[in-house]
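This document starts with one chain, in the form predicted on its own, laid out as C-alpha cells.
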C-alpha cells in the first residue's frame, strides 16, 4: 500500500511538471519545454500501467479490510486521472509548438492564470490524498468554479478576436483548445478530490453539484 501511494505521488509530480512546462512553452514560446513535456508523456503512460499491475496484485490478496479496499479503488481511479492529465498537458505542448510558428493573437494573461489554478488543484488534491484531508479535498472542488469562469472569459475574448479579425481564427482556435485542456485537467483534479472524500468519509459526491 505504501509503495502504491509513493508511486502515485511520483506520477503526480511528473504530471504537475508537465502542466507547468506545457504552459511555459506556450507563454514563453519555449520549444525545448514543449519537447520535454512530450517526452514525459511516455513515462507517465508507463507508470499508469505499472501502477495498475501493482493495484491488481494488491486486490488479489485475501484479508483486505474495507478501508484498504476503498484505498485500492481510489488508487485505480486516481492513476487513470493522472494519466489523462499527462495526455492533456502533452496536447497543450503540441498546440504551443504550432503557435510558435505564428505571431501571438493576444497577450496571454487568463490562460497562465487558469493553468496556475489547475496546477494548484492537482497539487492540493494529491496532498489531500496523502494526508487523508477531507477539508482540503472540498477546497479543490470549490476551485473548479473559478477555472470554469476563466474558461468562459477566454472563450468570449477569443470569439471576439475571431469575429473582428478573421485572420486570427486558426491561432485563436488553438488557444481555445488550450483553455479546454486546462479545464479538463481541473476536472480530473476534482475527480481525485472526490475520490479522497470517498476514501476518507466513505461518501460518493459525484454528480451532486
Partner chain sequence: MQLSRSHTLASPLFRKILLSAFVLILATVGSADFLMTRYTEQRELELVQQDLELVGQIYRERLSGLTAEQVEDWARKADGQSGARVTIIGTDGAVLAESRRERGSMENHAQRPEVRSALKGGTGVAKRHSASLGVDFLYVAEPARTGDGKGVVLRLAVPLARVNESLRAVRWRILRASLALALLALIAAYLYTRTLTRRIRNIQSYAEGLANERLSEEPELAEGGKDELGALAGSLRGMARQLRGMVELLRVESERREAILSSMKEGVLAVDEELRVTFCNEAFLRAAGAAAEAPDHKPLVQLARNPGFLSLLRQVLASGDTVRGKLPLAPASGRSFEVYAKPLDQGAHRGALAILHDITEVERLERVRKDFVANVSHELRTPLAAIRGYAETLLDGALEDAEHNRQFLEIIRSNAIRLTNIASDLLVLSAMEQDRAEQEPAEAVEVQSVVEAALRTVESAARVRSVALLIEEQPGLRVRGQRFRLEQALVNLMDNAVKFSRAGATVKVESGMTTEGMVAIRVSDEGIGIPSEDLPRIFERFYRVDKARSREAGGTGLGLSIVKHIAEAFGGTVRVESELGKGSAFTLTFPAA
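Worth saying up front: this structure is predicted, and the values here are computed from it rather than measured. Positions refer to the first chain, counted from 1.
Absent from the display: the form predicted together with its partner chain. The rest refers to it.
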Q: Could you tell me which of 125-133, 83-91, 69-77, 96-104 sits within 4.5 Å of its partner chain in the predicted complex, going by non-hydrogen atoms?
A: 125-133
Q.
Whether residue 14 contacts its partner chain in the predicted complex should be assessed with a 4.5 Å heavy atom distance threshold; does it?
A. yes
(Q) Just checking whether residue 9 would be counted as a contact of its partner chain in the predicted complex - the rule being heavy atoms within 4.5 angstroms. (A) yes
Q.
Between its partner chain and 49, 171 and 181, in the predicted complex, does every residue show a non-hydrogen atom at 4.5 Å or closer?
A. no
